[in-house]
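In the form predicted alone, a lone chain appears below as structure tokens.
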């Protein structure tokens, strides 16, 4: 990745969209991390994340609420 592009995200110019995003709380290092990946690697990473979310949802259905006062929807 070009050093200029990395520098832009690590030290965004005042008033730029990247600076506004950083001020808002966006972690621009994550953007850089993803830009370093190939499109195929990004898709694999996304697929892995989606699988993890599906597993988490399934485990919540099996285990159920963990709080003793949680209301169950029937």
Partner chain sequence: MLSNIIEAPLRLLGEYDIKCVIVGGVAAAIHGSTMLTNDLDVCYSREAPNLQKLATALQSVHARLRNVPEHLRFILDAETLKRGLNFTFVTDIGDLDLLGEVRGVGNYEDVLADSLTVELFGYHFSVIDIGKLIAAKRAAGRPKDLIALPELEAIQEAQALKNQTQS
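By rigid core we mean the largest C-alpha set that fits within 1.5 Å across both forms. The model shown is predicted, which means the values in this text are computed figures rather than measured ones. Positions refer to the first chain, counted from 1.
Same protein, other form: the form predicted together with its partner chain, not shown, and the subject of what follows.
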Contact of residue 16 with its partner chain in the predicted complex (heavy atom, 4.5 Å): yes
Flag residue 58 as yes or no: does it have a non-hydrogen atom within 4.5 angstroms of any non-hydrogen atom of its partner chain in the predicted complex? yes
Even though its partner chain is not shown here, does residue 10 get within 4.5 Å of it in the predicted complex, heavy atoms only? no
In the predicted complex, does residue 62 come within 4.5 Å of its partner chain, counting heavy atoms only? no
Quick one: name the residues from 37-53 with any non-hydrogen atom within 4.5 angstroms of its partner chain in the predicted complex. 39, 40, 42, 43, 44, 46, 47, 49, 50, 51
Fitting the rigid core first, would the Cα of residue 15 be found 2 Å or more away between this form and the one not shown? no
